[in-house]
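In C-alpha cells, one chain follows: the form predicted alone.
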Amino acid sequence: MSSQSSHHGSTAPGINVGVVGATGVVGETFLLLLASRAFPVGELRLFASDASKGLKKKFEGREIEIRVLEEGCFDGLDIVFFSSGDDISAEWAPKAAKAGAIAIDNSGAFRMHHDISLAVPEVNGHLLPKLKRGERPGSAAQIIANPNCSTIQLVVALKPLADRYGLEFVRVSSYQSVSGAGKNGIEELLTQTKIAVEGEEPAKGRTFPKVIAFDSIPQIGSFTTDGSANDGFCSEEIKIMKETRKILALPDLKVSAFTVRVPTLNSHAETVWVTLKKPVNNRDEVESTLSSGEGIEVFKFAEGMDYPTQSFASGQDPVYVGRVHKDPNDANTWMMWVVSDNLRKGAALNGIQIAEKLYGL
C-alpha cells in the first residue's frame, strides 16, 4: 500500500506551524510536503541561523521571512517542526512545548527519553495524543521525537512481520546516501566526484571521515570505544538498535546493525535478515504480509526479477521492499531489501504524518 498525498478540507481553522532549520534539506522538504499534502497551515513561521535572517522563502503564494530563534518566538504556534541538530533541539524544543505547542523533533536529543514518544505513525501512532482542530495543544503540549532515518524505514517494514509472526532477531546493514548529512554532504560528493572525473585526487572534506566519491565508508557517526557491549559500533548503528526496540515496544528484541555511507545522492537502502518466531509457509506469504503493512510497497518475486533502488525511491513517499527470500541456513530467517527516501519518510514526511495523526487529518 502506498502513502498517498493527503487532501484536507479547509472549513476548520488553520494550524499554526513553525519550522526550525527551514533552510536545510530536511527543512525545505518539510515546506514542500506541507504544501503538496495540503496540510492546513494557518500562520507559518520559519526559523534558521543568523546567516539566513531576513531571507524569504515562498510557500503557497506567500513570502515568508526567515527569523532567528529568540524568547517568545513560538507564542501562538500549534506545531513546531525541528530539523536543526541536537543542541538546538535540546535548548529550544522544551521552550516550544512550554509555549503551548507540540514540538516534533527530528534530532537525536530526545529519542531515548523514557517519557517521550518516539513515533512512526504506521507502527505506534496509537500512542500519540488526539487534538481537535481550532484548539491549541496548551496543556497537552509536549515533545514528540522523530526517529533516525534508517530506523524509520526498517520498523515500517518490520511491523507487519512482528504482528503476524513475532520477531526473534533482526540484522541490518545500511547503505546510506550523502543527503543524510545535509547540504554539506551532497556538496562534498558532487565536488569530489567532479575532481575525480577530471583525473585529480580529491582531498578529504569536512563532512565525511574519508573521501566519499567512488567509495563507501563503513562509519556513520562516532565510534564507541568504552569496552561496553556497544564497543566498536558507530553512533548510527546504536541508534538503529535502540530505537527499533523502543518503537516496536520489544525491549528484548535482538537487533544488530552495520551502517555504511555510500556515494549516492538520496534515499537509504538496507539489507535485512529477519528471524521470525513462527514458521512461514512460503515467500508469497511473507510478501503478502509485508504488503498488508501501511506505507509499504512490495516488489514481488513472482512479478519479475525487479527491485527498488535508491534512485527509484528518491522523491517518493513509501517504504519499498524487494528481493524477499529465505536464508538457506535457517528456515525461519528471511532476507529482504528495504529502500526509502531519507529526507521524506526518513525525516520530514514522518514528522508531518505525526502532525496529521495528532489532528486526525
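The numbering used is simple: start at 1 and walk along the sequence shown. Being a predicted model, the structure only gives us computed values, none of them experimental.
Beyond the structure shown, there is the form predicted together with a small molecule, which is absent from this document and is the topic of what follows.
- The three residues Thr151, Val172 and Ile220 each lack any heavy atom within 4.5 Å of the small molecule in the predicted complex.
- Taking a 4.5 Å heavy atom cutoff to the small molecule in the predicted complex, the contact residue among Leu44, Leu33, Val298, Ala48 is Ala48.
- The contact residue chosen from Asp284, Asp86, Asp215, Asp163 relative to the small molecule in the predicted complex is Asp86, the criterion being a non-hydrogen atom within 4.5 angstroms.
- The small molecule in the predicted complex comes within 4.5 Å of no heavy atom belonging to Ile64.
- Residue contact with the small molecule in the predicted complex: Leu69 places a heavy atom within 4.5 Å of it.
- Residue contact check for Arg136: none of its heavy atoms lie within 4.5 Å of the small molecule in the predicted complex.
- In the predicted complex, the small molecule stays beyond 4.5 Å of every heavy atom belonging to Gln353.
- The stretch in contact with the small molecule in the predicted complex, judged by heavy atoms within 4.5 Å, is 86 to 94, chosen from 197 to 205, 114 to 122, 128 to 136, 86 to 94.
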